[in-house]
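The structure tokens that follow cover one protein chain in two forms, given apart as structure 1 and structure 2.
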Structure 1
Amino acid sequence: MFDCIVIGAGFAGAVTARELAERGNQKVLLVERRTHLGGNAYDCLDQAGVLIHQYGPHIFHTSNRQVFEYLSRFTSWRDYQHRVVASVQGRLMPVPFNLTSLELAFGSEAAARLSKKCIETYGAEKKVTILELRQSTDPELSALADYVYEHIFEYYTMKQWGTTPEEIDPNTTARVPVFLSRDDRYFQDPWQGIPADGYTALFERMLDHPNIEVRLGVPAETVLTLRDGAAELEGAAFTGAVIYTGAVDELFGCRFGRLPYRTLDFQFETLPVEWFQTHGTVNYTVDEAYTRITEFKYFSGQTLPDRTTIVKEYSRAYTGSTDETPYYAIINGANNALYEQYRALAGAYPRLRLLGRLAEYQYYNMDAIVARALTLADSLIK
């Protein structure tokens, strides 16, 4: 009865399901073990009526026109340009660390000299990663690098990853470079915003198609079996494509050991004030046990004069317990090699495709996942 099965209703699964159903005219079964759509982008009203992101703050941003236009079929957008500040010894300075942060840290005279030198060395409006800046042999730039490292990266990264910035994948800290600019936005992508009615509404529209059957609260393993290179759906041989967007080690019973992840504990608080902080997100880069506080009304634009909801994020090692979510793959040589062992197992199933942040063990933003889902659907339809 079904032509293909999609596991997981996050961006990877939902976009693939829609494409296969609509463009491929295939009958799609989508199973999701949570009781809601959206994967980690899921949002909902809390008890105070604030639209919160249950699995952490999600801001859409992309430089990929095709992705933006594709999602715009299912939502309009609330213009929102994310701005983040770091709380450093009582001062709030823009992150990514930029020319304004430089002034706040060093005073206008020293900052003028340093910014001139930075721009002469790297170029105006350039982004320089902290690891690159630390390579500088110029004593002033080296002192600047030390300052940024110690006040922005070191402690935050220790909290987030349990290790130093040098020991994590360099692409991770490169996401938040030193920016030789006055632009104090967190992202510079041409398209950014928040779905006007929220992410969950976007997913509801995307999956509202006569060729798609969605089953929520259903773990894949209760309907799908993979054995000896063949798939079974509810006990009967299934020869269609299976698109799996969950953690790949779980798919094979973690037989080579668990893939390491970081998980997060979210502490939500509703407070009887209109605004708690001056920015959507404040990063705690030199103190506190949590990494950041996000205030959701900045995203939703809701007018609620007497209340607001914030979330504090605490990062720790994922243990695999069922009440935890694997949020961040810990990308390094050993873990990538373990991932490859699982990928090789998946290779024995010719109709199985691994897609998404979990299944590919990567650190993808939403737009990257949408792009990958569109590409995968293209190849399956052809």
Structure 2
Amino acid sequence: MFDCIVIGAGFAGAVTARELAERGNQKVLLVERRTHLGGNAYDCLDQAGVLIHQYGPHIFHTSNRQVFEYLSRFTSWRDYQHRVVASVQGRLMPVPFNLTSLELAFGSEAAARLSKKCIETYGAEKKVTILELRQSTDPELSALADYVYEHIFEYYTMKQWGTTPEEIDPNTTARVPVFLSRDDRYFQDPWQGIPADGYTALFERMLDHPNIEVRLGVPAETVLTLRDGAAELEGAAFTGAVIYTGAVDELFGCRFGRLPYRTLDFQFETLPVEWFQTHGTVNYTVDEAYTRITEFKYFSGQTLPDRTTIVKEYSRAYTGSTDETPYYAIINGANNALYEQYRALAGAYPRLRLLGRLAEYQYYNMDAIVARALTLADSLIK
């Protein structure tokens, strides 16, 4: 009955399913454990009528024209340029740290001097890393690097990843940028915005195809069995492609141990004010237990003068509990080696393809996942 099975209804699974159904003319069964489409990009109206992102803020941005045009088949876009500020000792300054942040941190006179030195040394509109600044022979530029590290990066990273300063990867620290510009957009990609009707509507349109059957609220293991190099669909041999976008360790019963992740706890609050904060997202880099607060009306553009909904994010270790979501793979040598054991198990199934953050144990932005799904679909169709 089905030519292929797709596990997971996020961007990885939905794009692959649509391409195989439409261009490949294949009968696709898409199975999703959750009771909704969209994966972590799922959005919905809360009880106050605010369109919220249930699993944290998702702002689409890309420099890949093919990806933007592909998704534009299923949505129009609300022009939204994401701007993030960090709360640093009561002051709000743009992040990534830029020339405006410099002025707010050091005052106009010192900032003018530092800006001049930076631009003369590195050039205007450049992104300079902390490592580059620290390697400067000018003690003021080295001190600037220390300020950005301590006030923007260090404590925020400790909260996000559950590490001590000593455990923070020096290579990660070295890449922290200072943007020698007053462009305070968080992303500089040419295409960015929010789906005009929301992400969920985008997924509904993408999966609306006669060759696709969607089953929600269905764990993969209830329909798919992998045994001795062969797949079974509901107890019968299945020889088509299986595209798996879930956690690869769970696909094999965590037989080598669970892959480590960071998860997030979200505290949603609806408040009787038109606006709670000045920007869509405020990062708390040196205080508070939460990492950031997001206010969703900035994304949706809704006019609700008497109420707004915010969410506070708390990061912690993922335990594998059913009420948790694995968000961020913890990339290091030991965890990569553990992942390779699971990838080797998957390799015993020639028609099984691993795709996406969880299946590949990598961090991907939404546009990168769409691009990878299109590439995978091309190879399967050929």
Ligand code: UDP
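By convention here, residues take numbers in order along the sequence of structure 1, the first being 1. Source: prediction; values computed, not measured. By rigid core we mean the largest C-alpha set that fits within 1.5 Å across both forms.
Only structure 2 is derived from the form predicted on its own. Comparing the forms between structures 1 and 2, the C-alpha position of Val84 differs by less than 2 angstroms, with the core used for superposition. Annotation for Glu166: C-alpha shift of 2 angstroms or more between structures 1 and 2, rigid core superposed.
Relative to the superposed core, Thr121 undergoes a C-alpha shift of no less than 2 Å between structures 1 and 2. Here Val176 exhibits a Cα shift of 6.0 Å between structures 1 and 2, evaluated on the superposed rigid core.
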